[in-house]
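Below you'll find only one chain, the form predicted on its own, shown as structure tokens.
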């Protein structure tokens, strides 16, 4: 009898959050999918068009290019992760001023997107910091209109992610390395292992889950890029991303198409989250 009363008591406590979850999560998701099958403008009659919005998304070169742009953000994540990992491995240990050093590295991650955009608009400007530095180094041949050249604008903006996020990746890798027992390194040293062998057979295997999670987060983050390219370029010069296209579609009363884009972003993010839960398991 007590067990039954306890179950009823728990159920009563769960009813309210479950109602909240259904109303504010599941219903909007289902409603958004239904809207993605229409050409609704945000007002007036709702007319169903089936999968036309999705077909348009994958056949129109303008919208195909936005997924290519996301690829740049994932590509720059590779050197970003490699640099953060190498830095964590090199300084793994305890030394005076370590906390100050970590604090300095994390500052770019803590900065507001508007501030970062302003800094790099000046940096990439035709008469900005980057071209000025190249001029001082007598490398005038490398000077470019970084934000006007269609072949350079996306890799230029994407490269900002290296500066912005490598500090956060470093903190995650460093924390994982600090959890490795020092006895393993001592035993490896006694066995005559080189530094590279220690990294390959001790460090990497111990932090591979953290590394894999960072890779998945990079994939998820690259498909959701918005603030930096939007503030810097407003999605112009071929810098559009799925989230920027959603915003622009909403502002031009193409609610149905914006819903289709958001469904696509949601599906990709959920696939990445699913892979993370399947492939990164607790031992």
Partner chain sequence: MANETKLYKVVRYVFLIAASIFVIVPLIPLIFMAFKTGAEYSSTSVLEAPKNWLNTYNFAYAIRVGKLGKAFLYTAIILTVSLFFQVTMTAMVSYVLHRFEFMGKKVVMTMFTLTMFIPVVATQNLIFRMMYGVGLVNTMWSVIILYSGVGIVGIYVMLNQLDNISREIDEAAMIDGAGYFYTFLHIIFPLMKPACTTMIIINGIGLYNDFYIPNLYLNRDVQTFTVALYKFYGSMSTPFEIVAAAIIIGMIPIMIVFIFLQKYIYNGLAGSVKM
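Positions refer to the first chain, counted from 1. Since this is a predicted model, take the numbers as computed values, not measurements. Just so we're on the same page, rigid core means the largest C-alpha set that superposes within 1.5 Å between forms.
As for the form predicted together with the partner chain, it is not shown, yet the points below apply to it.
_Taking a heavy atom within 4.5 Å as contact, would all three of 42, 105 and 266 count as contacting the partner chain in the model of the complex?_
Every listed residue reaches the partner chain in the model of the complex, so yes.
*Let me know the one among 142, 115, 78, 204 whose heavy atoms come within 4.5 Å of the partner chain in the model of the complex, would you?*
That would be 115.
*46, 231, 215, 49: which sits within 4.5 Å of the partner chain in the model of the complex by any heavy atom?*
It is 231.
*If you check in the model of the complex, is residue 74 within 4.5 Å of the partner chain, heavy atoms only?*
No, no contact at 4.5 Å.
*Counting only non-hydrogen atoms and a 4.5 angstroms cut-off, does residue 250 reach the partner chain in the model of the complex?*
Yes.
*asked:* Given that the partner chain is not shown alongside this chain, does residue 58 nevertheless sit within 4.5 Å of it in the model of the complex, heavy atom to heavy atom?
replied: No.
*asked:* At 4.5 Å between heavy atoms, is residue 65 in contact with the partner chain in the model of the complex?
replied: No, residue 65 sits far enough from the partner chain in the model of the complex that none of its heavy atoms falls within 4.5 Å.
_Any residue of 160-192 that, in the model of the complex, places a heavy atom within 4.5 Å of the partner chain_ = If the 4.5 Å heavy-atom criterion is applied to the partner chain in the model of the complex, 160-192 yields 162, 163, 166, 168, 170, 171, 172, 174, 175, 179, 185, 189, 192.
*Would you tell me if residue 184 moves between this form and the one not shown by 2 Å or more at its C-alpha, with the rigid core held superposed?*
It does shift by 2 Å or more.
*Examine residue 46 after superposing the rigid core and state whether its CA is displaced by 2 Å or more between this form and the one not shown.*
After core superposition, the displacement of the residue 46 C-alpha between this form and the one not shown reaches the 2 Å mark, so yes.
*Would you tell me if residue 64 moves between this form and the one not shown by 2 Å or more at its C-alpha, with the rigid core held superposed?*
Shift at residue 64: below 2 Å after core fit.
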